[in-house]
Every structure is written in structure tokens, then in C-alpha cells.
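Only one chain is shown below, in C-alpha cells, and it's the form predicted on its own.
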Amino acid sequence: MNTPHIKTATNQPIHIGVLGFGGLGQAAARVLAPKQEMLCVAAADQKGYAYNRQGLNADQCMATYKTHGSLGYLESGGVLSHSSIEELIGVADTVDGYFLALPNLPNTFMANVAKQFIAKGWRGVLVDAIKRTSAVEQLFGLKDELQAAGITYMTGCGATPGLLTAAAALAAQSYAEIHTVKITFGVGIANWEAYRATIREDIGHLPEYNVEQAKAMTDAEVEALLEKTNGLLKLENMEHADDIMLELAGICDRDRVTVGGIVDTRNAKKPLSTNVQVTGRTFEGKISTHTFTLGDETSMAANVCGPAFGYLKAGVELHRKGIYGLFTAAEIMPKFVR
């Protein structure tokens, strides 16, 4: 079993692993590249993994993945494997924390990944950008096991759930009672194939689809659907974990939280501005609404990966204090990664 290895010296960079190397995983590697406080040393995809204690070169990783379809072909530290996550957990003995940039397809996938870390005796910090309420509920079923295993798990730490959920938790402080939390997102992607898994997850939220159907769709079937919708996915009243996260944080009942938006799979420009509106009653009896709007120039990747690593840094601080278990983006403030 691996022993605790998270460094106590503040001048040493936190060693990061990225699981999943699709659009989000590649963006995560690019976000980490200029950071001084974090160093990406490990990454895995479906067919292999790469590990280098001195750090992975983001450009080399992306070029190798684009050319060969797997990080396993990387000249320095690449290994081809059919069980890449499990093998990487065992081999990468300096990794302090992992960003799980993985599609939660099927809906039990993220919980199963967490179980692999527990079974391996790994200790450290895990962060996900999970979407569905039911998926977060599965992780809460593992809360005691994660705590006993010495794992600090930060869930729902992307954009929504994540950044916008945390903003709602802060905005709620002005009120004596919260009436509604409305999250509306706009996502612009120039080419859906760069985010295949993310788009399939979104399709799973459409009324006529479910997660299993979306996962089983071929690329041609996804293309056909997008052709019908002119490249737009319009999502309403989604099963989004912002609701359970705000409920658990004591902000409001989950039925007062709604999430929806539009994903444009053919244009990088957002079809609408991403925002969260928190409406409530003040102690003087006034009804008012706070609105927090993300800049249109910030991409989905920027708004997911930035918070994820901010929460990972916060998780490392908790772990160093011996605080383990499961936490959400509505409970803990992220730390800015320099």
C-alpha cells in the first residue's frame, strides 16, 4: 500500500496527475504548464499513461496524443495499458492529487474510479468536475470509505457545478431566505469532436435521451443529431449537482435550484452569457436578486480547469492538516494557484 506522500514544504510544487486526456484533460495540461505551485507529472487516457517525476511537457503530450491516440506512445515515460488508471495509481508514487477530467459515462463511472483509489491504498487529493446529482449522491455513499482511506475528495469543482455554485453560496449571505438559484450557461465549441465525451454527457441531459443512450451513440449518430439542431443543444431543468451541493451547504432546498443553458458545437463564441441569479428576502423584508456573470471571453475549459485546480490546492491544504473525506465546491473556498 502507498504511504502518505503529500509534501509539507511549501516551496515544492504540488505534483498533479490528470486522468482523461480528451479536450478537458488537454486543457488542464495547458493550464498547469505555466504554474509555479503545481507540476503535472502524470496523465492517463483509455489506452495508456505517462509519468515523469520531473514533469510532463504539455506540448509533447498533446502532440503524441494527436498523432498516436494515446499518451502511452510518449517517448519519455509513456506506457501502453488496458488498465491505465489502475496501473498509474500504483506506479506514480509522487502524485499529490489528481484531477479526474473523465466523462461520467456510465453514471457510476466516477464512483468506480474513486473505489480504485481506495482499493489501491492511495492517499492524497482527488478533484472532479462531475455534473449529475445522482453521481454526487453515489460519491456521498463512499464518504466514510474515503475518509478512512486518507483521501480528501473535492466533488463538483468545475464551472457548474463548481464556480457558479460557490458564487451562489457567497451571494446567499445577503439574504435571510433564499427563494431561487437560477444557473444559466452558454458554451461555445468550434469543433465538437474536441470535446466528444462532454457533448455526449450533455446529450444525456436532453429529454429524449439518457446517459446510457448517449454513451452508446456513435460519432456519426452524434453528428446526425447536431445536424438536426443546427449544432445547438438546448438544455433545461437539468439534473445538475448544484442543487444537492447548495442543499447540503444549508443554502436552500434543492427544488429551488434550476440549471439550464445552450451549447453551440459549431462556434467558439458563447451563444449566451453564463450567469447565476440568486433571489431572496433580506432581513428587512426586501426581495432582491444578485447576479454573477462570467466574462464571455472565458472558455468552458478555463472556467472548469481553473476552479478544479483551485479546489485541488485547497484540498491539499486540508489533507496536510489530516482532514479527509468528501467535500463540495459550496463548502470550501478554492485557493488561487500561482
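Residue positions are given as counts along the sequence shown, with the first one as 1. Here the structure is a predicted model, which is why all the values come from computation and not from measurement.
What comes next is about the form predicted together with nicotinamide-adenine-dinucleotide (NAD), which does not appear here.
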Thinking of I130, P161 and A194 as the candidate spot, does nicotinamide-adenine-dinucleotide (NAD) come within 4.5 Å of a heavy atom on all of them in the predicted bound form?
yes
Within 4.5 Å, heavy atoms only, one stretch in 118-126, 151-159, 214-222, 246-254 touches nicotinamide-adenine-dinucleotide (NAD) in the predicted bound form. Which?
151-159
In the predicted bound form, the residue from L139, L102, I89, L146 with a non-hydrogen atom within 4.5 Å of nicotinamide-adenine-dinucleotide (NAD) is L102
If you check V276, C40, V304, L312 against nicotinamide-adenine-dinucleotide (NAD) in the predicted bound form, which one has a heavy atom within 4.5 Å?
V304
Just to confirm, L326 within 4.5 Å of nicotinamide-adenine-dinucleotide (NAD) in the predicted bound form by heavy atoms?
no
Classify S299 as contacting or not contacting nicotinamide-adenine-dinucleotide (NAD) in the predicted bound form by the rule of any non-hydrogen atom within 4.5 angstroms, answering yes or no.
no
Applying a 4.5 Å heavy atom distance criterion, does Q46 contact nicotinamide-adenine-dinucleotide (NAD) in the predicted bound form?
yes
Hey, in the predicted bound form, is P13 touching nicotinamide-adenine-dinucleotide (NAD), heavy atoms inside 4.5 Å?
no
Which residues, if any, of 52-67 lie within 4.5 Å of nicotinamide-adenine-dinucleotide (NAD) in the predicted bound form when only heavy atoms count?
Y65
